[in-house]
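Listed next as structure tokens is one chain, alone, in the form predicted on its own.
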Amino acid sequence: MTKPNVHAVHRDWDRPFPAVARTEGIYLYDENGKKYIDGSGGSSVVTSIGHGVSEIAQVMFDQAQKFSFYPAHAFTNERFLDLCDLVVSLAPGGLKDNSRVWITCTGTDATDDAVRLARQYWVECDRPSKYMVVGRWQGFHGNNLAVAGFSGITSRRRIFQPMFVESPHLPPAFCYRCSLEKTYPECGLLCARMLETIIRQHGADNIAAFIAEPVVGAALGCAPAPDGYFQVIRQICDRYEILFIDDEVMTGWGRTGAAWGIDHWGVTPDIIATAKGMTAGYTPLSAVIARDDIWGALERNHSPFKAGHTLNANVVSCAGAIAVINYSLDHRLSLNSRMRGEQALAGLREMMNRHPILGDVRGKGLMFGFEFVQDRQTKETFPPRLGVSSRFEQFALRRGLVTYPCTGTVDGVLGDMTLMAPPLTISSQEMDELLAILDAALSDLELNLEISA
């Protein structure tokens, strides 16, 4: 039995946390032997190859037997070099074999460093006025104070608002609840074209970069941008010399049914921030991928990149990342993600026939989600005080499924969603098991809301 918690700080003060005893495949087992499906892929969208793959642990152990740490200001290491070569060979579009890689620790580090690179690039190009980063409302890019400024997830920003540099924001590319009250495709992708308005209002000479997630995760419960959106963004960025930063922290490495989330739109970003599925939770690691000529501006001026942490390019983590990436490629997990994602969306859409609480079902590959509404016709949300997505999380957990609750779809405050991102190794039969638990938990939630009304 796990000892009572006296000193550890968890993510919630008001509920108990079961203790994980072991993991295997898509499953977690607590200390009492109860089995749970890891439906959220950790916290969240992390466990791409599933749990307990012994060869990953073995590769990391073998490296640690040789050495596990080194002074990175004075040395390099072979695994770091191998990983960067592998990443560049797999980079999307025009970045393939035409980029360089910076290895750091977490997804937040990657997005923060991507913005640092954009800023330093323009300084090295003798254009120091370019410093602003344009983000999107209901977008999430990590959890440090700098990143909070260009993120757009209200609940993570509000308390720290006086402490960060504010950035301009576009409305989200979210057709289910269009902020501009338009309908796709008659809208002409106004949500993307508004980037040009913001650039003109603030001046192109002041804007360094635009950052966006291809599929918005924690802030919108797996909402992909509409077809054509990133093509318009790419054109505008090129027209005004703005760097496009693609946040692939969640969407990279096969999660959406393509190698990279941005592949669904067929455009090439200038800089990519990626993490999570790169090491599948076996060890912390992230990366910034950028075109050769962007790094070349720093190199020509003999200007080291102004970023980095003590544990950057950790050799054990680099070894683990190589093993995870190769495992994903060898087992064609991107293809399985696409097929199982189609199965999941079909199952959820069928559930909409008997669960009126489901307002919208969305996603790409094994990054999918759904939104709760009081009335499907009007899309009326539940009052935030009811904590509908958190209630659903607890009902699903009791039935043996881990989900990820999200809030703030409509305006950063209203709206309840659930994000799902099971391991890319999930089988058809296991997906049926996951969907059956979702179905039962939805019934539990509806009954609970009816009783408490």
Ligand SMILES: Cc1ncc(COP(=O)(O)O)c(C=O)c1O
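The first residue of the shown sequence is 1; numbering continues from there. Bear in mind the structure is a predicted one, so any value in this text is a computation, not a measurement.
A second form of this protein, the form predicted together with the ligand, is not displayed here; the remarks below concern that form.
Exactly one of the stretches 166-174, 199-207, 106-114, 351-359 approaches the ligand in the predicted bound form with heavy atoms within 4.5 Å, and it is 106-114. In the predicted bound form, none of the heavy atoms of Gly152 sits within 4.5 Å of a heavy atom of the ligand. When contacts are judged by a 4.5 Å heavy atom cut-off, Lys276 counts as touching the ligand in the predicted bound form. Although the partner is absent here, Ala319 sits far enough away that none of its heavy atoms falls within 4.5 Å of the ligand in the predicted bound form. None of the heavy atoms of Ile233 is located within 4.5 Å of the ligand in the predicted bound form. Looking at the ligand in the predicted bound form, residues Gly387, Glu393 and Leu445 place no heavy atom within 4.5 Å of it. Proximity to the ligand in the predicted bound form, taken as a non-hydrogen atom within 4.5 angstroms, holds for one residue of Ile262, Val288, Val249, Leu220, which is Val249.
Site annotation in the predicted bound form: the residue of Gly142, Gly281, Pro224, Gly135 reaching within 4.5 Å of the ligand with a heavy atom is Gly142. Interface residues of 204-229, taken as those with a heavy atom within 4.5 Å of the ligand in the predicted bound form (partner not displayed), are limited to Glu213.
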